[in-house]
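We begin with a single chain expressed as structure tokens, specifically the form predicted on its own.
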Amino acid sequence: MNLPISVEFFPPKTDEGAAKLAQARRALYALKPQFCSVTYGAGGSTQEGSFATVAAIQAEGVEAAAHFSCIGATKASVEQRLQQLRDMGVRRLVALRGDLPSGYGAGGEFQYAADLVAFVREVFGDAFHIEVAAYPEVHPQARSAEADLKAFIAKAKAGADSAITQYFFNPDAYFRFVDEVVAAGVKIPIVPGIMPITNSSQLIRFSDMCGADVPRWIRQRLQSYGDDSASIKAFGHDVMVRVCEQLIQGGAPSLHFYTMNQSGPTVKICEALS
């Protein structure tokens, strides 16, 4: 497969998790990803673990992209943390509004991700390549599809270099979103997010929470397999290979894999595509 890829990890919480992630990274590096992104918990709650994982990836000679959320933060605190990332050699950010931990009021000096993008550009110029999030099936908290599209355009115009989408299983939603963005005069690359299917109940629960539509035929097939893990993985592999093939044929600039800190499913999909 000649198309570039990137992969996402979340910071491990235990020594065992860290060891498993290190092993997964080594396997995924064989795919020569453009970069590896690392998530950032609500309100920066996993900041220490995120930064440590970013540092480990950088030390392994691979470019790391640090997720960075701004909700509830002050400009001074954001500037300090971004300077820390810059000093670590990080040159790529995934700029997000983020979610506050439960029990916290709104607060902070940033209301939207576009505010963070504009602030990074104002303070750091072009020191960072800025990725932003895109939602082909509409952000679950958006007032409307039109409002969501306007929010994305605002992020692009504030200085975003490219975007990564929420995962989806309907390529038509991605292509329609890209067409709408281009029609609005925005031409940054929009990279589709790919979620390998490995666990039925986990996928459906997480998708319902984050607003990713799982088509009825996929839900029905997954539920019909019950606890048959091998059948779920085989079916999920076939579905995602087909989704990726459609995206590649349709001109997607690259693919971004949500690995869930596992290497096997992503490696198998990429091997099938090649």
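Just so it is clear, the model here is predicted, and its values are computed rather than measured. In case it trips you up, residue 1 is the first one in the sequence shown, and so on.
Another form exists, predicted together with a small molecule; not displayed. Remarks below refer to it.
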Could you tell me which of 236-244, 51-59, 32-40, 219-227 sits within 4.5 Å of the small molecule in the model of the complex, going by non-hydrogen atoms? 32-40
Pick from I204, A142, V182, V123: which has a non-hydrogen atom within 4.5 Å of the small molecule in the model of the complex? A142
Would you kindly say which of A151, V78, L85, A158 lies with a heavy atom within 4.5 Å of the small molecule in the model of the complex? A151
I'd like to check something about R92: if you look in the model of the complex, is any of its heavy atoms closer than or equal to 4.5 Å to a heavy atom of the small molecule? no
Wondering, does Q166 line up within 4.5 Å of the small molecule in the model of the complex on heavy atoms? yes
Does any part of L96 reach within 4.5 Å of the small molecule in the model of the complex? Heavy atoms only, please. yes
How about Y135: is it within 4.5 Å of the small molecule in the model of the complex, going by heavy atoms? yes
